[in-house]
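Shown below, as structure tokens, is a lone chain in the form predicted alone; questions about how it binds or moves come after it.
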């Protein structure tokens, strides 16, 4: 892609982000703080899932030592460039805590479940946990991605060894921090409710989203000749990963719902009742059908996983369903049931434009493959048996 085309696209994305920012400001003053913060938190969660999910894919490749993924590793590494942008987005999100989180509202000290959780849900400790999560994510991004990028110049095989040693530690970091993040920034919006599986639920969505975004990035670069040697066999494995994690997400989602439905405890079922009744019922049905059946049936056959056109559309659909998922989780806090209108369009325009700008700039820097990785040649020779 020429520099002129890149600059033109960058200006277009900046203009779109500016229009979205204007709409976001209008949302706050014209439609109230609750809807503004619901949308901000929605995109904060989506951004975090995408960044952490791609870091997970990078670490997973180092842990398993898989060869097929080496030629494509730059794509999730570059999408993970969204990680540093979590810091300013999170800093703004802190202002939402007194406005919409249930445990900060007047009368919260009279609600027994909130009193029992007060040692955990207090503003100073909340900020401290967020700062710790952001610090660990930034450290992980530096060690997993920045060092890998520098290996392109040094060609030092010891970098690969060090990355493989750090990857298991990152998995522990991710397990702890994404659980804390899920409980703090989603579950505690209505803190009287709880689910022991909620951290795993958000993790499953994050990884599925990251696989879809990575697949789109690989297809985009491959069609432009930027990933020579990446074949349908490589795409097949991406499709297989997406297929597998679609089933995993569905299993966790069903288990979480089934256990609370069966127990039928008032302190648990109110949360699902808000999200499965009225106008939200349609969103729930779309989520259950669209997040499982479409990608499951669309990728069931072996040939489907090799078809880049099918993979592209399934990936776009999976990304859309992640938006529906997080929307279903967060939207009810605005207090008006189903909220879909120009405010949501403005937030989507801003975050999608800004995110694409960050990722497109990352995609334009350095080699498109990890040329310093000693296993790159073996990865390019990969073929299914």
Partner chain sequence: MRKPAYGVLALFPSADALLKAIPKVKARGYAQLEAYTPYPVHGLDAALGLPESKLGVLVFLMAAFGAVGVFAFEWWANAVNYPLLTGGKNAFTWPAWIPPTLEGSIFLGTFTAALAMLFIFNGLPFFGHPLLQTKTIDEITRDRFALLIVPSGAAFDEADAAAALRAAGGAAVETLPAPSHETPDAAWWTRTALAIAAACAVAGGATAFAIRVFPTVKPMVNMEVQPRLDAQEPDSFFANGRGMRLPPAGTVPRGGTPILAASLDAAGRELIDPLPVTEFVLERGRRQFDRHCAVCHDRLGTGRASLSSVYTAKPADLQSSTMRKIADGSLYWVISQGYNTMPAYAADVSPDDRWAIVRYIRALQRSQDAPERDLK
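Computed from a predicted structure; not experimentally measured. Positions refer to the first chain, counted from 1.
Same protein, other form: the form predicted together with the partner chain, not shown, and the subject of what follows.
Student: Would residue 383 show up as a contact with the partner chain in the predicted bound form if we use heavy atoms at 4.5 Å?
Tutor: It does: once the partner chain is placed as it appears in the predicted bound form, residue 383 has a heavy atom within 4.5 Å of it.
Student: My question is simply whether residue 261 lines the interface with the partner chain in the predicted bound form - judged by any non-hydrogen atom within 4.5 Å.
Tutor: Yes, contact at 4.5 Å.
Student: Although the partner isn't part of this model, could you tell me whether residue 165 comes within 4.5 Å of the partner chain in the predicted bound form, counting any heavy atom of the residue?
Tutor: No, residue 165 sits far enough from the partner chain in the predicted bound form that none of its heavy atoms falls within 4.5 Å.
Student: With a 4.5 Å heavy atom cut-off, would you call residue 254 a contact of the partner chain in the predicted bound form?
Tutor: Result yes; residue 254 sits at the interface with the partner chain in the predicted bound form.
Student: Here the chain is shown alone; which of 115, 131, 300, 172 has a heavy atom within 4.5 Å of the partner chain in the predicted bound form?
Tutor: Here the answer is residue option 300.
Student: Given that the partner chain is left out here, which of 99, 219, 149, 288 has a heavy atom within 4.5 Å of it in the predicted bound form?
Tutor: The residue in contact is 288.
Student: Could you tell me which stretch in 120 to 128, 69 to 77, 210 to 218, 300 to 308 has residues with non-hydrogen atoms within 4.5 Å of the partner chain in the predicted bound form?
Tutor: Among the listed stretches, the partner-contacting one is 300 to 308.
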